[in-house]
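One chain comes next, on its own, written out as structure tokens in the form predicted alone.
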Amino acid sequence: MSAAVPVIEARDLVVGIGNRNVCRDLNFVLNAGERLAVLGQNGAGKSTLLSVLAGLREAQSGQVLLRGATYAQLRPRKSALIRGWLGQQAVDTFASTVLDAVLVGRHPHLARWDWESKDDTEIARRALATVGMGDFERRDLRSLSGGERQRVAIATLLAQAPQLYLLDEPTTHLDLRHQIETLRLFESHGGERVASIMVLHEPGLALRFCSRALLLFGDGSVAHGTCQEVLTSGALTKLYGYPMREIGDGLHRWFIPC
């Protein structure tokens, strides 16, 4: 397929939950190498929109296209080869080692009755090492802290090796160091071959690590564009319903509540 086909495209997308509009007639294109930050107040519908973009929830109208095809056309397995999903919380129903949990990310690459190969295991181990969890592969998943469990979830996504990362609050449970390391990882991992859409709560981190931003105002209206265009003190004051002030050091811009 041509490299000119966007990784993901939203066409006239209308999303709602209950009697709340998340977005109306949303249109955007995201190409390989681009990172889109989604920001908004609690309850604005950020996670709902992300789940629609992941094919996990139906839109009210409009289309989501992965590499030019709908989820219905792609079917689940082929979709999982293109997009990877990181939810807000992992639910561990059964006992598992850390390594076995990360190997789940390899399942889209296996035929129905295949077992994981030595290559799959090595990919999973490299993913754990990338997130600083290389010494944890034999640990019981349920014995981990929240931050450690989040890093295992990220390693699982890396092992999946999709073309598009859909990340719902990827810095959840992480300390400051690991927040920055995680965002740097998604900024660099895959380089110009991979795109990312991530729900964030800190506009300064969106400015630093993303190329585009999508603001959800909670009434169906949105603002979308480059981070430099969209992330301003005026727009963020409207977004959060609280006055925001911009500060900077000549290199980075940050926003603080007044």
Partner chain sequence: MPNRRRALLILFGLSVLALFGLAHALAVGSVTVAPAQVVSALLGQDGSVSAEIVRSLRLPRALGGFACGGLLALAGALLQVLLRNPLADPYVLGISGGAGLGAVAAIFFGLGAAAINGFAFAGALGAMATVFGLSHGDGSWTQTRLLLTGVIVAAGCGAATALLLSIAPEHKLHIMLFWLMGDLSQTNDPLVPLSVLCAVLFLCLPYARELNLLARGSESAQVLGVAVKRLRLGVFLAASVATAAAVTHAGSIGFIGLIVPHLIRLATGNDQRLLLPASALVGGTLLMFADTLARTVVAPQQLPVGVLTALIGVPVFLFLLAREQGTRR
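Positions refer to the first chain, counted from 1. Note that the structure is predicted; figures quoted are calculated from it, not measured.
The next section is about a form of this same protein that is not shown, the form predicted in complex with the partner chain.
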Quiz item: Since exactly one of 174, 133, 74, 141 fits, which has a heavy atom within 4.5 Å of the partner chain in the model of the complex?
Solution: 141
Self-check item: Non-hydrogen atom within 4.5 Å of the partner chain in the model of the complex for each of 91, 107 and 115
Solution: yes
Quiz item: Looking in the model of the complex, any heavy atom of residue 170 within 4.5 Å of the partner chain?
Solution: no
Self-check item: Contact flag, residue 83 vs the partner chain in the model of the complex, heavy atom cut 4.5 Å
Solution: yes
Practice problem: May I ask you to check whether residue 179 falls inside a 4.5 Å heavy atom distance of the partner chain in the model of the complex? | Solution: no
Self-check item: Exercise: residue 160 in contact with the partner chain in the model of the complex, heavy atom 4.5 Å
Solution: yes
